[in-house]
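Presented as structure tokens, the chain that follows is alone, the form predicted alone.
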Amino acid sequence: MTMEGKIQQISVFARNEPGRIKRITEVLSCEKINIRAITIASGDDYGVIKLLVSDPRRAYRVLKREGFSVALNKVIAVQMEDKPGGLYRLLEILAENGINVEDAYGFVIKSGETAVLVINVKDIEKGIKILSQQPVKLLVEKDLYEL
């Protein structure tokens, strides 16, 4: 059972060339795996594509089978208000408890109401413990597809 707040993120390491992201999304589409969020960070020759998908374990297997360098990582997903100060309040909790955000991205579910912040911290368990004691909602994978 997935602990509340902890979700699986797919990270694909790919050559920075035309068509690579298209190919990744094609593989997932053919497998009927829905992409809920995507972020891309690239350097000169290679990039990292991070995805939240409807079936991360199966996505990992099919992308690996297709020859991609892929990893399955645990991250924390937090639902927050999509209002000025929503992100600040969440980051304030983490900073006050000595938790450094190493990587993050967010997306809006309903404009002006609900957003999700996906964060990676060094100690996931500590991050979840701290956040679970706060007035925030930690999400599980299933929640991401029902919002």
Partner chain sequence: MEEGKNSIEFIRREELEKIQVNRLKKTIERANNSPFYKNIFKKEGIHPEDIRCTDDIRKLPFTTREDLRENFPFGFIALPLNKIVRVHTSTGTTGKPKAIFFSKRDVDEAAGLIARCMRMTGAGPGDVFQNMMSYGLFTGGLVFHYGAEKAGVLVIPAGAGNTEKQIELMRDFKTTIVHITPSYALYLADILEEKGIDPEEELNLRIVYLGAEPYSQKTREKIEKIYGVNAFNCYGLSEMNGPGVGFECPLKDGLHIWEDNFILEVVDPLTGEPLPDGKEGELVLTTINREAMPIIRYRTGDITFIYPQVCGCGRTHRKISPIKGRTDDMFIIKGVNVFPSEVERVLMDTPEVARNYQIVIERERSLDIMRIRVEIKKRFFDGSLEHLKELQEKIKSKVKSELMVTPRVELLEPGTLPRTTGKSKRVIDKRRL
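The model shown is predicted, which means the values in this text are computed figures rather than measured ones. Positions refer to the first chain, counted from 1.
Another form exists, predicted together with the partner chain; not displayed. Remarks below refer to it.
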{"item": "One residue of Ala115, Val62, Val70, Ile33 in contact with the partner chain, assessed in the model of the complex (non-hydrogen atom, 4.5 angstroms)", "value": "Val70"}
{"item": "In the model of the complex, the residue from Val136, Ala14, Ile130, Ile124 that sits within 4.5 Å of the partner chain by heavy atoms", "value": "Ala14"}
{"item": "Touches the partner chain in the model of the complex: Asp45 (any heavy atom, 4.5 Å)", "value": "yes"}
{"item": "4.5 angstroms heavy atom contact with the partner chain in the model of the complex for Ala41", "value": "yes"}
{"item": "Partner-facing stretch of 107 to 115, 79 to 87, 62 to 70, 92 to 100, counted where any non-hydrogen atom is within 4.5 angstroms of the partner chain in the model of the complex", "value": "62 to 70"}
{"item": "Residues from 25 to 40 in contact with the partner chain (non-hydrogen atom within 4.5 Å) in the model of the complex", "value": "none"}
